[in-house]
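Just the one chain here, the form predicted alone, laid out as structure tokens.
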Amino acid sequence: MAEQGKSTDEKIDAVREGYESTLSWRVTRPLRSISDAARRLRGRETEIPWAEVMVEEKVEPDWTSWLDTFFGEELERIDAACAETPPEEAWQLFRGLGDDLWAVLLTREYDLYPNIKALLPGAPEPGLQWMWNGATGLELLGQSKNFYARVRELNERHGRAPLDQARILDFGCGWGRLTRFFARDAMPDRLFGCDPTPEILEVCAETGVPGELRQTGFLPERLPFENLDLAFSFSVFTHISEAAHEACLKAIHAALAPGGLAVITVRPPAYLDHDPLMEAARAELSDDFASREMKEPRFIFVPHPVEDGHPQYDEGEMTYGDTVISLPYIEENWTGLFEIVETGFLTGDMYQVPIALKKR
């Protein structure tokens, strides 16, 4: 009951402090940018003499002048319409906007258009975003927008239903950074999200992320949704064990309607050289080019240390860490459930490779 009385800021602090106190956070922390790490360390655990030189304080822009100068009349019309439209229907007012403009509106970092801002969800403070995603601000906004655009393209080519008629799931939704992008396409009653971490779902609820959001297990037998047309999962299968990935894949498959589309990101082989945590796994591979490029079926998982404070740990086996799955493994093990219809790159984040799968 005490938990229910906490403010949004207190809940965010609890998620962040619980994670940052774990060994996993201290081990994976060097993977974040040096400047961000220095910024967070300065004035906290220790003094860093060169922090003032290396770190330039990041102040998020106020987008008011951009929006007013280039889109003022259009946004004023939408703002007025938001005041007269039921909230559950107002999301479709944004469908005609370009993806970049939509992304900037979702920041809510502007002083105009009060009715638009009242409708759109808030975002957790930058510290939690950085902890959860390893990026904030324009960098995170660009990554999110690029993946959103790619999923829309893939659904147009391979999906069973247009987005404005589809039932859409964000699998591993976190604080809803991608869920909110799809709210203008799916409408709240056809938008769903799930995550195994209850605290982050509370942040979603407090910040007003639209759609039906539910908690799932780390190794889900089934999802609390069915007859889905589209499911996407960004940076989930890049972090889970083989047992967890099998359970999640089967659960997504069961929740999709016949011919439904799933878009899942995986790591490229180059991630073995990018992530220091993969050093031991990398050493087990020979220097042979074919082996290093993972031309054979391989599932490489390095679990994070087991600690009770880790938000992705639920006792038992640690199923969260860093994962690289080879394309031959996917072709050998996923095609019983799905047809691989397209693979590609995301230039906004080359360490997230989207794979489009159609339910058999």
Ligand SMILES: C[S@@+](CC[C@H](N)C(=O)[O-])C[C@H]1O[C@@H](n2cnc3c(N)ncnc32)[C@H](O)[C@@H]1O
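Start at 1 with the first residue shown and count on from there. Predicted model, so just to flag it, every value in this text is computed and none were measured.
Absent from the display: the form predicted in complex with the ligand. The rest refers to it.
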| item | value |
| --- | --- |
| Among the candidates L213, L154, L105, C248, the residue which, in the predicted bound form, approaches the ligand to within 4.5 Å (heavy atoms) | C248 |
| Listed residue that, although the ligand is not shown, lies within 4.5 Å of it in the predicted bound form (heavy atoms), from C204, A186, C82, V236 | V236 |
| Proximity to the ligand in the predicted bound form (heavy atom, within 4.5 Å), stretch among 117-125, 168-176, 273-281, 90-98 | 168-176 |
| 4.5 angstroms heavy atom contact with the ligand in the predicted bound form for F181 | no |
| Partner proximity in the predicted bound form: N146 to the ligand, non-hydrogen atom cutoff 4.5 Å | no |
| Close approach of N133 to the ligand in the predicted bound form, 4.5 Å, heavy atom | yes |
| 4.5 Å heavy atom contact, F301 and the ligand in the predicted bound form | no |
